[in-house]
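Below you will find one chain, with nothing else, as structure tokens; this is the form predicted on its own, and questions on how it binds or moves follow later.
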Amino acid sequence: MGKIMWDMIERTTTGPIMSEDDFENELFPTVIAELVAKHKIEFDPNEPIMSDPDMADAIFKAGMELLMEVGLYCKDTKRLVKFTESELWEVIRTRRHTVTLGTGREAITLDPRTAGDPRHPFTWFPAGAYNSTDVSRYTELAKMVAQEPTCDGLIGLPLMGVGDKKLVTGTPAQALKVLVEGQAIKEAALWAGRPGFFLGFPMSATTPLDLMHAFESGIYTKDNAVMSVQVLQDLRINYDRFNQAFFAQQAGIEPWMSSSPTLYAYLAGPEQAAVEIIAHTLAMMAFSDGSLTQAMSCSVHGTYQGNDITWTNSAASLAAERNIQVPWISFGSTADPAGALSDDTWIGTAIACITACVSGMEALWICGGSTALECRMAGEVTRAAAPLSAAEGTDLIKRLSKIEKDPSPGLVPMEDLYDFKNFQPKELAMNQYKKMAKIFKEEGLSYPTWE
């Protein structure tokens, strides 16, 4: 663990005292607004992708200055943890540029890529089910995505319960849920003949103790999983993050750094969100020694699609690609569990995949949707769109956004979509897949299975 983490811990006891209300409503919004104006960072609502290298560099500079001027707010001590410019450059200088996840035939190495790189971003599919307490059905759905050819790894979705057990956060019941999720997705990987799959991270772990239980069990290991160390929203931190980062370092586990700014809450728009992602990333690198970064934005209205979202994600990715060069990941779906037959959901997911390809990203997590066919399509779109230039990807996204979409039929029972005896899609689901493949092919994408 680098010296800066220990300096940061000390600064949580010696840094300037400030109320969280003043940090939240005065310091942070004032400084970030000033920096966006100073560096002339402007979002064009007509453009889904930010591909201007000069603006990307401006976003990086503004993010670094934001972290230096504001620092991290420690919720445990009500103090600011500040950084010097030389410290942040040292953090960048010592980053690893590649990360390997998984083992054996399923091992994948994330190397820096740029727009036009024929190497596709890896696609990690959501395993299990949303809002489920049925562990057997959860495992069956995990098996369905694990067998998909374009699956590069699994991300276990949160179980809502384990049978009739009451889940109480901070107790062994919560730890049990984490272990049951992990065992289910590991079983799915084995069933699919892919024992070395990357299994993401313990999704339902909410405390350092939950995470430690997960890795101590042997279900999650330093070879098949990563450990969450992300900062709290809008440059806040607590001692749990330091404890998680220290445990990861001691166990040789790759830290999972994650930034998920919410547009139109404390952030005025995409410009501020992109700048905050860079500040978040530099801060997490400082205390975790990590390199693997996940960055995604969403709207306060609960949406994960639209030009403001894709612009933020592409802008932050390009800024990092040019100035930090670490493995960069984003969200690969629209987070709509009822969208199995929704054209809007399929197209929104495709746009997220194309954004990753032309913005220099190395992977997508929760890539796809609530069914294995949505995941298959997301993986195929990502592979088909990998060689596109930023201009070509932008044009394609604009065309897809204008396509007339059929009304969504709403939530459809999974039994109507999949045969759970042979783990294959039924005609209703296949018709939707074929319809969307035809649309994407007509718009210029090409993938062998669409011929």
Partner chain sequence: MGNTVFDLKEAVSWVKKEEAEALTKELLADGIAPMIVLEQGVMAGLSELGDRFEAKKAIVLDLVKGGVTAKTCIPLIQAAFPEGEAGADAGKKVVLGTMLSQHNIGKNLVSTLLSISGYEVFDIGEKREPWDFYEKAEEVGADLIAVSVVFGPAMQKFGDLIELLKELKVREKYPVIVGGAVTHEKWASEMGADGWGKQAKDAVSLTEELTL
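Residue numbers count along the first chain shown, from 1. Keep in mind that what you see is a predicted model, and the values were worked out from it rather than measured.
Another form, the form predicted together with its partner chain, is not on view; read the next lines as being about it.
> Would you say all of R137, D152 and L190 touch its partner chain in the predicted bound form, counting a heavy atom within 4.5 Å as a touch?
The answer is no: none of the three residues contacts the partner (heavy atom, 4.5 Å cut-off).
> In terms of non-hydrogen atoms within 4.5 angstroms, which of the given stretches 162-170, 216-224, 92-100, 110-118 touches its partner chain in the predicted bound form?
Every other range fails; the passing one is 162-170.
> Although the partner isn't part of this model, could you tell me whether D344 comes within 4.5 Å of its partner chain in the predicted bound form, counting any heavy atom of the residue?
Although its partner chain is absent here, D344 would stay clear of it in the predicted bound form, with no heavy atoms inside 4.5 Å.
> Do R105 and its partner chain share at least one heavy atom pair within 4.5 Å in the predicted bound form?
Result no; R105 lies far from its partner chain in the predicted bound form.
> Do P29 and its partner chain come within 4.5 Å of each other in the predicted bound form, heavy atoms counted?
So P29 counts as contacting its partner chain.
> Taking 4.5 angstroms as the cut-off for heavy atoms, does N25 touch its partner chain in the predicted bound form?
Yes, N25 lies within 4.5 Å of its partner chain in the predicted bound form.
> Report the residue, out of Q325, T206, N243, Q249, that has at least one non-hydrogen atom within 4.5 angstroms of its partner chain in the predicted bound form.
Only one option qualifies, and that one is T206.
> If the cut-off is 4.5 angstroms on heavy atoms, which of these, K143, K82, K75, R194, is the one near its partner chain in the predicted bound form?
Exactly one residue meets the criterion: K75.
> Scan 215-247 and write down, in order along the chain, each residue with a heavy atom lying within 4.5 Å of its partner chain in the predicted bound form.
Contacts from 215-247: L232, Q233, R236, N238.
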